[in-house]
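Only one chain is shown below, in structure tokens, and it's the form predicted alone.
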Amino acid sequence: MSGVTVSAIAKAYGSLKVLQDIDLEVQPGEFTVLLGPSGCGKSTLLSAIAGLDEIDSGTVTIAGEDVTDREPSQRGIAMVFQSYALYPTMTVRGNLSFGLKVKRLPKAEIERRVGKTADMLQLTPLLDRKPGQLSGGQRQRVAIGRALVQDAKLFLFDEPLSNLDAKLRTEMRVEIKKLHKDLGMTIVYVTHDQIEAMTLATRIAVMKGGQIEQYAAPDELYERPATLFVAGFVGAPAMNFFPGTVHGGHVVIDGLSLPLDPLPLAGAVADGTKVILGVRPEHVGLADDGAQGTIVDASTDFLEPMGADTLGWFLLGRHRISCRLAPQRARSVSGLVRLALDLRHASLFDANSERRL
């Protein structure tokens, strides 16, 4: 197993700064996900690690060796792309073995690696088929298998599931997660899908505007987002946000006063500070059902059935707030309600810097 370290990586196209002094360390055996919206620089960073894109400054180290100036083929990496990029005239066996033949590996070693990988990915019955005879999920497994046979130091995945339908994406997530668990591979994985990131990653680097906003384990990102952007990007449904001002140990939101005491703050917050309070829907409940927390009055706006639960939307003054409800309970919710906000799990951000307080 090999780790990768990216130090002060910068990349610009003219005046557009795509990567801005990026530092990132991936430990051996770790599954790191680069997560962010389109245009945030995540694929460019992956390309920089792979050597597919020249960088303006900084260094890339893989397995303790500086590979900044090396060609992709000299970095000990294997990549899986968004498109399957399979050779249509070759069988599955041919696609899996092609790269090994180019390296002139002994025939017996090629057969061993192909056989082992095919068994692992349940491709053995498909070895003599061509890509046109395979489903989308099977093709993606072949693409992953073609990377696995390389016996690489580092595996790079560039949105490998984005071309699959929802059911296949779920199935492939399970397979990739199991592969990582079984083989202990070092993986850097790019996606804009937060569900993929949260379910697959050991750690997630949330990116925005060519910078890493936060690099942490999924639970920490969700429970203690470092910035307003991370708080809003990670989590579905999204966190509820309320702009206010700190005064006398309370957050004052349009005349509504909520105590600061329950919040997990890093330190004291001065009076007059403009803040944004964030509360996730699961930390809002109906007080009449016994939910504990700070009680506020609200009016029912609308209900959004989501299958396993229902998202209730309420008006808190001029602000809308969402709450997770059991479907059976949601059917009887209407009019004025009393909501309990569990502020022990809330987040408070400075309105100017957008950093967590």
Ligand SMILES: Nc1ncnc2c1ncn2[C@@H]1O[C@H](COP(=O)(O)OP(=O)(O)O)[C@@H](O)[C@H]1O
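Bear in mind the structure is a predicted one, so any value in this text is a computation, not a measurement. Residue positions are given as counts along the sequence shown, with the first one as 1.
Keep in mind that the form predicted in complex with the named molecule is not shown, yet the notes after this line are about it.
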item	value
Any non-hydrogen atom of residue 43 within 4.5 angstroms of the named molecule in the predicted bound form	yes
4.5 Å heavy atom contact, residue 38 to the named molecule in the predicted bound form	yes
Contact flag, residue 18 vs the named molecule in the predicted bound form, heavy atom cut 4.5 Å	yes
The named molecule in the predicted bound form: contacting segment from 290-298, 54-62, 324-332, 30-38, heavy atom within 4.5 Å	30-38
